[in-house]
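What follows is a single chain, given as structure tokens, in the form predicted on its own.
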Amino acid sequence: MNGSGAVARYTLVELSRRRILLVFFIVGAVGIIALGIGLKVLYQVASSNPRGFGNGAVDPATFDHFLELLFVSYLFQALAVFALLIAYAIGMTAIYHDLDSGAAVSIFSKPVSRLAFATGKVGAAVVGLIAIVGLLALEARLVMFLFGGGLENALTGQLIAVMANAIVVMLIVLSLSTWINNILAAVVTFIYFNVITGIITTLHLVADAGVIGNTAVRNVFDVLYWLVPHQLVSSAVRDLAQAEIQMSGGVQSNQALASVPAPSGPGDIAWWVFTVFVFAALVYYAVRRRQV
């Protein structure tokens, strides 16, 4: 445990010196502020003109809620992108740089086991990811005060889902970067997690919707679906859709909600936990088998 803690502290210090993480954080922080203030100023100017928005038929409270919906919709997309960028950056550097620079040799010469090394690296990587993305989310929560609030729970749920998906990506990159070049590890992870897994998930959803009538084909997609990581989905998207439907008077609510992904259930969450353990174990296996 002492060895894991020492490796984790050392890794966090090293991550704090990575300029790429600082760049991602600064770009994300500035982007969130610019998005919030820009939308507020733009639509305040439009609302000051009686003919600028709905010919003056929209009351100020509804107008502010519309602004918050628009801001949060863009914010969810931005958080997902930056969380993945940070996950890739940490996964590409946390272990690879120690192996590439030879620092791992001096670490293993001390009373630090491979298990302690892998545990400390994974722990520090997760903490670093949560800290950076959490700060961006905290800033986003403060910017939401510009619009009166009301969607805080949606932001919290989306943040948890985004972090959970980013942790899986980061663990895959960490394990691959122990064996191959870190850039190639990121490319392979992107193809596996975003392309292959995305295609299988889409086909599974299409099969469940009844578009594919062949039972055998549906069973094949069901099996494939439970062989790949599942990207967790929060209730935030559905919450936003319901809020938009309420603003529009509830027209065609059932049809609109039918096209919105349902939040992940207990089975998907349990599968995510299992996936995290599997890929964390792969990180340890890769470190143990790596000749240093």
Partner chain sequence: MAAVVTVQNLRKRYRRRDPWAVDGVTFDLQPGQAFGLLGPNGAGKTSVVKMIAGLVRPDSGSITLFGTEPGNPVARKDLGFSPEDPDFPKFLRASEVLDYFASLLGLDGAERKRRIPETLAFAGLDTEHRQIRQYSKGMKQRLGIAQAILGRPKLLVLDEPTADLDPIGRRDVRALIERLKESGVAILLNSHLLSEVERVCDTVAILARGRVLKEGTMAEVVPEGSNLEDVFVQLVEANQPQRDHLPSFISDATP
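For clarity, every value in this text was computed on a predicted model and none was experimentally measured. Positions refer to the first chain, counted from 1.
Only in words, not in the display: the form predicted together with the partner chain, which the text now covers.
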For this session: Select from the listed residues Val127, Ala103, Leu135, Ile212 the one whose heavy atoms reach within 4.5 Å of the partner chain in the model of the complex.
Result: Ala103
Exercise. Looking in the model of the complex, any heavy atom of Ser73 within 4.5 Å of the partner chain?
Worked result: no
For this session: May I ask you to state whether Ala185 is within 4.5 Å of the partner chain in the model of the complex, using heavy atom distances?
Result: no
Exercise. How about Val13: is it within 4.5 Å of the partner chain in the model of the complex, going by heavy atoms?
Worked result: yes
For this session: Decide whether Asn153 counts as a contact residue for the partner chain in the model of the complex under a heavy atom distance cut-off of 4.5 Å.
Result: no
For this session: With the partner chain left out here, work out from 161-169, 138-146, 105-113, 78-86 which stretch has heavy atoms within 4.5 Å of it in the model of the complex.
Result: 105-113
